[in-house]
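Take a look at this single chain in structure tokens; it is the form predicted alone.
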Amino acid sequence: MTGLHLAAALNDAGWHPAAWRDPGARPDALFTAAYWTGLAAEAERGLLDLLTVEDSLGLQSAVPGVPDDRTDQVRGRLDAVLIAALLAPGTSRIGLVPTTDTTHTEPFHVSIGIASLDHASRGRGGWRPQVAGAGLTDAPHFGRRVFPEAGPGWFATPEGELLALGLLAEAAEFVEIVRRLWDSWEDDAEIRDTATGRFLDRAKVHYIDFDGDHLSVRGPSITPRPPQGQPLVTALAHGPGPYEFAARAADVVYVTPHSRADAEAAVAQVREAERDAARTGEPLRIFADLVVFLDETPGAAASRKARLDDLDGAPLASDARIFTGTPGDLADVLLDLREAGLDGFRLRPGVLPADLAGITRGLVPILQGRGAFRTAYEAATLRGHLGLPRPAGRYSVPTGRRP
């Protein structure tokens, strides 16, 4: 298997707030099936490992932690899990990884949604759990919890840091419940024996009986064990607390280095978090996130981004490094960063579909020409793309030992 892995992060019209005003954008199609299926087809055309779909439970905001009244940026979006399910029958190899909130939703519902996605895609389902963070103001949409007002900078206060750690601890329980629910059906629980009339072996469907500090769920799932056993769990992380969450809960972690030195530091911290968490089995696959604007003509991508900055009234700000340049320039950057110990990259197109095509039709052939990226899919499942084995179910009873 070729070492470098690539993912695309799909978000509205792109990761620039003014992307929808770019001449190449398709704002009229944002809420249509054709828009998303077209993006997925393009990503699969480029042989990418996976695509992620952003989600939220409140309107997007330009101000972290609080809603805004802007009407000159995209507001509103489709449900990420449903988009991924929509993309499943129209694709055949690329992994489909929707984001869901772990603060306002229920693990049971998320577990059956991602399991169903894995069934519908025949083993290409994944999941990116996300704590509410800036979405604390979405709590009134559900009416079950009350949070303090969390404006810009609030999470850096002692009260904010304490709440963030609590949300991460809750998220870790959330993921553990989802994983146990995925295992609650043994792989051969379905008999489907028409002669005897037995569809299900009830002895192979298990209660999980999870009772944690934040959540309690009895189970079992209503959905049979997913084709991958455990669909891929991914997490975006920016520091020690999130790194520890990823080390305990995820298969892939997305980090946001702004230089090779940053990347080396992030990799070291992730590996330290794995040791602290006494992680066993496969090490975390580490991807670096970059926002990308690509053009074959030198300087054109930077000019395009500058025009969008002017339209938005401010330079683009991001947690991730912002790259403008040619696909060849980006290939140089990625191959240099990879030396820090990264397994791959999750690229955030500044404008869709233009910068996604810059990845698939510009960057990918260059990486292939340098022997750094696959020329054909070598596996049929998302775990297979990343060289991860299919885990055994934790409740399975070895043959001959069942009472």
Partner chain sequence: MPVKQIHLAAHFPGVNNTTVWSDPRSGSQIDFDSFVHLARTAERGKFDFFFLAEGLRLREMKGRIHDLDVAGRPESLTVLSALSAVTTRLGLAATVNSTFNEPYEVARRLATLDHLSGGRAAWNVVTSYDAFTGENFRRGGYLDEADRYNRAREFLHTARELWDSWAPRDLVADPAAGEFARAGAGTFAHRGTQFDIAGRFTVPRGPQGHPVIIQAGDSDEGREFAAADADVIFSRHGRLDDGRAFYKDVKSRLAKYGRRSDELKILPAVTYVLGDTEQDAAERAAEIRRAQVTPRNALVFLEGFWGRDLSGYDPDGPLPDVEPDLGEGVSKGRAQFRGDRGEVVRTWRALAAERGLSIRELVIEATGRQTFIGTPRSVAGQIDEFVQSDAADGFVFVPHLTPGGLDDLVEHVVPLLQEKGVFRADYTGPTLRDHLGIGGPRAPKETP
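Residue numbers count along the first chain shown, from 1. Please read all numbers here as calculations on a predicted model, not as lab measurements.
What follows is about the form predicted in complex with the partner chain, which we do not show.
Put simply, residue 297 is far from the partner chain in the predicted bound form: not one heavy atom of it is within 4.5 Å. Interface membership of residue 75, defined by any non-hydrogen atom within 4.5 Å of the partner chain in the predicted bound form, is confirmed. The closest non-hydrogen atom of residue 46 lies beyond 4.5 Å of the partner chain in the predicted bound form. By the criterion of a heavy atom within 4.5 Å, residue 336 is excluded from the residues contacting the partner chain in the predicted bound form. Contact with the partner chain in the predicted bound form, defined as a heavy atom within 4.5 Å, is made by all three of 58, 122 and 207. Residue 197 is the only one of 197, 148, 313, 152 with a heavy atom lying within 4.5 Å of the partner chain in the predicted bound form. Of the listed positions (327, 219, 257, 229), a single one reaches within 4.5 angstroms of the partner chain by any non-hydrogen atom in the predicted bound form, namely 219.
Only one segment in the set 298-306, 99-107, 240-248, 270-278 has residues whose heavy atoms sit within 4.5 Å of the partner chain in the predicted bound form; it is 99-107. Although the partner chain is not shown here, in the predicted bound form the stretch 173-193 places heavy atoms of 174, 185, 190, 192, 193 within 4.5 Å of it, in sequence order.
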